[in-house]
Every structure is written in structure tokens, then in C-alpha cells.
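First comes one chain, alone, set out as C-alpha cells in the form predicted alone.
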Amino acid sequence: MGDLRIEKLAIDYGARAVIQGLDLDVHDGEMVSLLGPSGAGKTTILKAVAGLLEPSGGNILIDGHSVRGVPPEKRNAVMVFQKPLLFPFMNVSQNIGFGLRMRGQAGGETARHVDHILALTRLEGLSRRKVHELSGGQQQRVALARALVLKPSILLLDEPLSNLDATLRQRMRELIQTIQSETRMTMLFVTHDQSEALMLSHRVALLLDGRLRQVGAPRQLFHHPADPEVARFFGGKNFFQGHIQNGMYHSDFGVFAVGPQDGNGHLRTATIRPEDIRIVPRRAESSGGLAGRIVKTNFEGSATRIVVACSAGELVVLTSQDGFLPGQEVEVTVPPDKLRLFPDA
């Protein structure tokens, strides 16, 4: 069993409130990513769960038992840090088995557990190597293995992939995903990388300014953000104002059928993701879209980001099509079903 409940958590640094009234559940066998920009308080929450700092308020329960005041070594929660923090005078097997030996586990039993974890983390053949003989990715796998071998109720991962290059980071993501699937270990994963959180997690908890703004499945946060700030965090660029009247959203960018909505006649903010806008070269006969002129283009590999100036303002478009150039006349179409309307503030 591995169940984590955080209730009304409050953490202060001096007179400054870092975390305020935070509630979060991580269920048995679930992987939840705590996502947010640098300085949002993500690592602070992890340290509180691990027992490395004392909250100023609220409660933390592991497997249904409060761990407020319980020392780190008795919480059954293990933390993997951004840097591997391995013992340089020990080889790989000795590093992995260190925690088991500290628990007084017999040598033969420790060796069996270590061998199993070596295979699970793809470290076979490296058991006798010293830390300085390992690559950065191998060192991080040893740190992960050292935590896994203890079979904690909760595994806490504090941006463990941030120091790796892009290719290695992707391999480690896949490895962590495989390990979590095979072991069903409960994990709370801290990251500022959106793609990492979306790929790895059963649920994502977005933390902005010390408060959880939205918690849900990755697709839910990406496609159905709770407010404009959440949308902006996930790459939202196009925001405009309008009002609803009889199932239609009236704005400077057009009138869109949105179906029955609350707030008839009230000013509402809408957004549409750049990749959901369709763009075509402007022709003599209009296709019914908004006329505009390309201000600039940025090639981003698999797609091109285009800024289009329309009479109502600028729209950012992301397209896989080639051939668009600054100054070109185009038409853009905003599909109504892709429009996201936010509740009144």
C-alpha cells in the first residue's frame, strides 16, 4: 500500500507564506506530477512530505497515518534528489544496498534485492563500477535504484532528470514510466517540464504561486484548463473577450456557436490553442475565415509558429505546413469546438 494525503498544508519561510492551504491526494499505485515554474514551491512540498522541513500548518498522512513530527527515516517515504548524491567510495551495488544494510538486512537477502533492482533499472553489468566511472544518466539510475530497493510507500522524485541532455532525459522518462508500471509504486514527481509531466503522470497537479490551480488527467489540463493562467502555462497564446447571447459567443474575432452557457450577456474570456487554428493562403474567393497578414514566422522543427495580424488583433498559429512567409496574406479559421470559454472571474 502507498497512499499520500496532504491536508491544508501551509509552509512559511520567515514572514513569507510559500505554500498556503494545499490539499492533494496521491492514491495507491498512482504517479502524480507536481508541475510548476521555478520558485512555485514544488520542492518545498516534497521536503515536507519527506520530513526534511516542518510545515507551519496542515497535515500529511502516509498510508492513513499522520507523519507530522515523525522523523524522515520512519516515514516510509524516500526522496530522489536532482543530483544523485551517491557515495563515491562505494561501487554501484554497495550504493544501492546501503539502505538495506542500515536496516540490518542479512547480506544474502540484500544481494538478491540489489540484483533484482539492477535488472529493473537496466544497470546489469555495472554493479562493481565506482561512481566516477559512470555517466550522468547511469548515476541517476543508481540513485533511483537505491530508493526503489527500499520499497517505500511513497517515492518522491525532485526533478531527477533536469541535469541530463535531451536524449538521455527521454530514455530516463521511459525507464521511470516502465518501472512505475511494473512495480505500481506510488510516486510524486516534481518537474517544471510540461512534456515530462504530461507523458509520465496519471494526474498532474499544477502549482502556481504556492497554490494548486488545477489537478486532473494530463489531457484535461492541456485541453480544458480551469482558468487563463493555467492555459497560459500550457502554451496558450490567443485570448480575447466577448459575450454570450443565445448560445453564440460574440467577439471581435467572430461569432461562434458555443451552445448553452451560463453568464448570458456577461463579458467572458475565450482562448484557442495555436495548433487548433487553421491557416491557408488568401485567395481571390474567401473561404470564410479571418483575413490577415503574417507578421513573423518561427520554424520549430515539427511545426512553424506564425503570428498573424488581423483587424481585431494578432493570433498565434502553429502549423505543420511549410511555405508561409512574413508579409503574406492569409486566412485563419477558428473552429468553434476548439474554443475554450472561462467562467466569469
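In this text the structure is predicted, and so the values were computed from the model without any measurement. The first residue of the sequence shown is number 1, and the count goes up from there.
Just so you know, the form predicted in complex with a small molecule exists too; it's not on screen, but the next bit is about it.
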Among 296-304, 33-41, 66-74, 316-324, which stretch sits within 4.5 Å of the small molecule in the predicted complex, heavy atoms only? 33-41
Q82 versus the small molecule, in the predicted complex: is there a non-hydrogen atom within 4.5 Å? yes
Given that the small molecule is not shown alongside this chain, does V18 nevertheless sit within 4.5 Å of it in the predicted complex, heavy atom to heavy atom? yes
Look up in the predicted complex whether E196 has a non-hydrogen atom within 4.5 angstroms of the small molecule, and give yes or no. no
